[in-house]
Every structure is written in structure tokens, then in C-alpha cells.
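In the block that follows, a single chain appears as C-alpha cells, in the form predicted alone.
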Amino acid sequence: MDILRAIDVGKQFGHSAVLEHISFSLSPGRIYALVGNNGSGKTTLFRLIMGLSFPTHGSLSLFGCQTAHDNERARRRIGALIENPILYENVSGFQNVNNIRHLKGISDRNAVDEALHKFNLQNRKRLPIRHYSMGMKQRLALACTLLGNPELLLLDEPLNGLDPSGMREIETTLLNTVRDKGTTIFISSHYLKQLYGFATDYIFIDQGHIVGSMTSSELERRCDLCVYLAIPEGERGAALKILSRTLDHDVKLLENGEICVYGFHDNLNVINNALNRERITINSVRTIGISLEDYFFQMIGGNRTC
């Protein structure tokens, strides 16, 4: 059973389309990274999942539910941290988490201390959170989110503003949650490198469209050795079709006009022979590795290359 399935979801505000034709699914026990620039539609998508806004068209299904009413009941199985966490500055960390315990209808009072312990806040739990650092507030918000052992976590850019040690601490806690509880995590960021090595799957979003999705192993291959081909403009379409059909590699036409073959370690004669048979001209060939940052630019249609 899919934890979440989106089918052709779109969202408009007035005449402005924020999301268009969004389709994907999440499987249990995996960590999905939703990666895109600010304004790409990440937060809007999370709000739709949580019922804080409604799709203009398409459908969202949670835990296999078929109706809007069943989806609403299923949201009790989700822990969500969307946009800025809402915390009461003048009360303690313990009181903040305890308030959420009451709202979620969790009878076990020990759940508060357990949540605080996960994020190393037990020694500061009596301190008013106006005295907390940014990292401590973020960890407290995550402690609230994990109350009740939700089956799905929606985390909207939870690592923003944290130093490397703070990011590592939170990532370790979330990884342990997946390992121990089988929780599925859907986490967003505008910075691919921030989530590299943490997520098991990546979904790229740009200007309201999903422009690519892959597993972590696929991302590693694509950020490995790549071949860049300069082909005359009138022959690029034919070259793209030939290489896509011939090679067992991802092939993409970049905005600067080059054709990129991702993760290619074979003999370049394979490419030369395939194009020469169809009388396609190769003006130049270069082979180089690609960084995470450059791959992200390519996925969202940027013109930056290695």
C-alpha cells in the first residue's frame, strides 16, 4: 500500500498556477526528498497533503483511502512541520510539547519526555523557549511533530538555519525513527547537497512541475562521469532519440545546447558509431564529472554546466 499517492494534482490561486499535473507516490519506510528552489511549490504541496488547502484538480490519497472523509481521518497518522513552527515563547519546552500531546489526544504523559529526549532537550525542558537558540527551537518543533509515532512525517525545510552539527543531529534522529518505527519521511529543501546521503529517493520540482525523480543510487550514477556532446542545432533532436534508444543511460538536452549522457563509463566509440551510422555530426566531445549543485541546475532547467 502506498503511504501517499498524488494523481494529476494542480493548484491555482486566481489565474496563477502554483502546481500543475503533479503525480507521484510514496512507499513505506523510505525517506523522500522534495528538492526545488524557493517558490517552486513545495510548501503548497505539503499544505494540500495536510488539508490546509485543496487541489484545483486531481486527487491525493493517504494510506489507500478513497474518499475525502477517509483522508481527513488518516491525517491523524501524519506528523507535519510546515513553514515556521508555531511555539509559545513564554512557556517552557515541556509545556509546548505537552500542549501538542493534548491536541493529539495522546494519553501517555511519558510521551512528552520521550520526544524531548530524542532531540536532547530533556535538560532544557523547564526553560522558557524565548531563551532557546534557533537550533533548539527547531529540535523542539520536531519533537512535537514526532509525538504519537506518526507513520508519515512531512517536514518543510526543517534544516534551514542550522549549523552542520545541528543538521547531523536531526538527521541521525530521523534515520533512527525510520529504522526503529518504519516511518516514511517526506522532507523538502532548496539545497540538494543538504539532503544528499540522507534521503533514499529524490523528487525534483520546478515552477510547479515535477521535473524528475530517482533513487539515491540513481542520483549517484548521474553525478558520476558524464559525456557532453556538441551537436549542430538541426541534428540535436535526432541525436537525442538515437542515443536514448541505443544507450542504457539517461540522456538529456541541456539548455546550452549540449547533449549530456549521464554516468557513462563505456568506450566513447559506442556513441560515435551510433551517431555516425545516422550521419549525425559531432562537433566536440568532453567527459567530466558533475557536481550535485550543477546537476540540480540542470534538473530545473538552468544553463549552468561543469
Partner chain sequence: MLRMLRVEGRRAVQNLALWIIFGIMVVVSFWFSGMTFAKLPEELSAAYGMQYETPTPMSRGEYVFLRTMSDASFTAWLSVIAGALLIGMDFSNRTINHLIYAGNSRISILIVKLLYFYVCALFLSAVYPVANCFRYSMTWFSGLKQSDFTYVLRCVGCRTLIDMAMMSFALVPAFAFRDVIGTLVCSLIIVVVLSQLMNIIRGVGDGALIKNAIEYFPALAINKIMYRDTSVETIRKAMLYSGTMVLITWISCHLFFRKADLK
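As the structure is a prediction and not an experimental result, all values here were calculated from the model. In this text, the rigid core denotes the largest set of C-alpha atoms whose superposition between the two forms falls within 1.5 Å. Positions refer to the first chain, counted from 1.
Below, we refer to the form predicted in complex with its partner chain, which is not included among the displayed structures.
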Report summary line: Answer key: of I205, L219, I100, L159, within 4.5 Å of its partner chain in the model of the complex (heavy atoms) is I100
Report summary line: From M214, M167, A80, V211: within 4.5 Å of its partner chain in the model of the complex by heavy atoms is A80
Query raised in the report: Going by heavy atoms within 4.5 Å, which of 230-238, 88-96, 177-185, 110-118 lines up against its partner chain in the model of the complex?
Result: 88-96
Query raised in the report: Going by a heavy atom distance of 4.5 Å, is G51 a contact of its partner chain in the model of the complex?
Result: yes
Query raised in the report: Just to confirm, H131 within 4.5 Å of its partner chain in the model of the complex by heavy atoms?
Result: no
Query raised in the report: Is R73 one of the residues lying within 4.5 Å of its partner chain in the model of the complex, judged by heavy atom distances?
Result: yes
Query raised in the report: Quick one: does G105 come within 4.5 Å of its partner chain in the model of the complex, counting heavy atoms only?
Result: yes
Requested in this report: Pull the contact list for 1-28: residues with a heavy atom within 4.5 Å of its partner chain in the model of the complex, in sequence order.
Outcome: K11, F13
Report task. Using a superposition on the rigid core, decide whether the Cα position of V91 changes by 2 angstroms or more between this form and the one not shown. Result -> yes
